[in-house]
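Consider the single chain below, provided in structure tokens and representing the form predicted alone.
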Amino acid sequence: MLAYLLRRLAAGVVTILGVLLFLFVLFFLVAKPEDVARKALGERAPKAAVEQWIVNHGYDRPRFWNPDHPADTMLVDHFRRMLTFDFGASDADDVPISKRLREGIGPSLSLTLPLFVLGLLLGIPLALLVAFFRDTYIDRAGVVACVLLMSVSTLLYIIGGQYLLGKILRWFPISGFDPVPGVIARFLALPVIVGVIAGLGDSIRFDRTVFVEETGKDYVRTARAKGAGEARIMLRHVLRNGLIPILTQIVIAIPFLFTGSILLESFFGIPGLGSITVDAINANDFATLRTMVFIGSLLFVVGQILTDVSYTLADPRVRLE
């Protein structure tokens, strides 16, 4: 298992380096420093101010090769900053990116953690219930409902939830965020409800397919032949053996809880990491954007490794070799 994990870590390192090289090409070769400076300062900024901005942000150095100081290049600085988590300052307003990350992680987790937990608590039991009544009207109605939920855009859920629950019924604020313990739940209730409903159809549909497939396996027929009840079979056998494909979705989603939900944070005014990403896109803040892409790729690699490890925990028969 150790050798397998070392190979996966090595592959992950190569992946991260490839992502960093792609980001350098995208942000430092395709885009010109003058364009980035004018986006930050304004199109009518004086040429002297633009040149000074480029110098202050280190964009005046050679990109690949500096004959006087080989290590003093934009490529080396880019890799050094990302790999040491020294993300520097924002291109838009010179605020330290690490400060924004610290400020945004709390609001993001306060939204994504309830979404994640409620999605599991609702999705898996409902999928198991639908699979229990497979090939019946309950099963068919459940599948149709899931397809309908999946067919509706998340934007429509957001707009509909804000209009119905926020404006008409006035149960929750339409948008905003307040970290005060007694108030935060009121601001998060609506985006959590919308997020859970938007993702429930896909979750139930996938889990139901896994459970129904498991009911046709030999061990299930053996359990029935021994006189085990259908409910016992579903809970003790089908659920446990169907966890591996479900774990693939669950474990790989855990690291991305830290990057926030772009749509929900943007539309509900939650100042999390997803909202920071959207603001960086709108402001052409390349320094923040490349940081968020790097963090996302790093979390993806970590999620892949955690998924492999979780297989061995869910099923002792699985060996990582």
Partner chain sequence: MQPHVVSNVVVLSLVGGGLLALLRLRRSPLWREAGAELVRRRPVALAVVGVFVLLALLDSVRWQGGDAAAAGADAVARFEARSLVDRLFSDDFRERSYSAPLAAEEFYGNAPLRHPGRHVLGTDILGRDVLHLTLKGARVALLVGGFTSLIVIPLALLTGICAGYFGRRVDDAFFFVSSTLASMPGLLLLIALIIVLGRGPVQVCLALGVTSWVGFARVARGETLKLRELDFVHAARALGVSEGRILVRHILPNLAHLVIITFVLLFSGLVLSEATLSWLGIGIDGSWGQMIDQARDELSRDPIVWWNLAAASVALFGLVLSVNLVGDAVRDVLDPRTLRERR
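Residue numbers count along the first chain shown, from 1. This is a predicted model, so every value here is computed, not measured.
Although not depicted, the form predicted in complex with its partner chain is the subject of the following passage.
Taking its partner chain as it sits in the predicted bound form, is R100 in contact with it (heavy atom to heavy atom, 4.5 Å or less)? No.
With a cut-off of 4.5 Å between heavy atoms, is V220 one of the residues that contacts its partner chain in the predicted bound form? V220 lies outside the contact set for its partner chain.
Determine whether any heavy atom of I262 comes within 4.5 Å of a heavy atom of its partner chain in the predicted bound form, and answer yes or no. Close contact exists here: in the predicted bound form, I262 approaches its partner chain to within 4.5 Å, heavy atoms only.
Given that its partner chain is not shown alongside this chain, does F286 nevertheless sit within 4.5 Å of it in the predicted bound form, heavy atom to heavy atom? Taking the distances in the predicted bound form, the answer for F286 is yes, it comes within 4.5 Å of its partner chain.
Could you tell me which one of A49, V55, L257, V278 places a heavy atom within 4.5 Å of its partner chain in the predicted bound form? Only one option qualifies, and that one is V278.
Selected contact from A89, I159, L165, L83, since only one has a non-hydrogen atom within 4.5 angstroms of its partner chain in the predicted bound form: Contact residue from the list: I159.
P114, F132 and T248: each with a heavy atom within 4.5 Å of its partner chain in the predicted bound form? Answer is no for this spot.
Based on heavy atom distances of at most 4.5 Å to its partner chain in the predicted bound form, which listed stretch, 151-159, 238-246, 72-80, 118-126, is the contact stretch? Heavy atoms within 4.5 Å of its partner chain in the predicted bound form occur in 151-159.
Using the arrangement in the predicted bound form, list in sequence order the residues of 265-301 with any heavy atom within 4.5 angstroms of its partner chain. In sequence order, S266, F267, T277, V278, I281, N282, N284, F286, L289, M292, V293, G296, S297, F300, V301 come within 4.5 Å of the partner.
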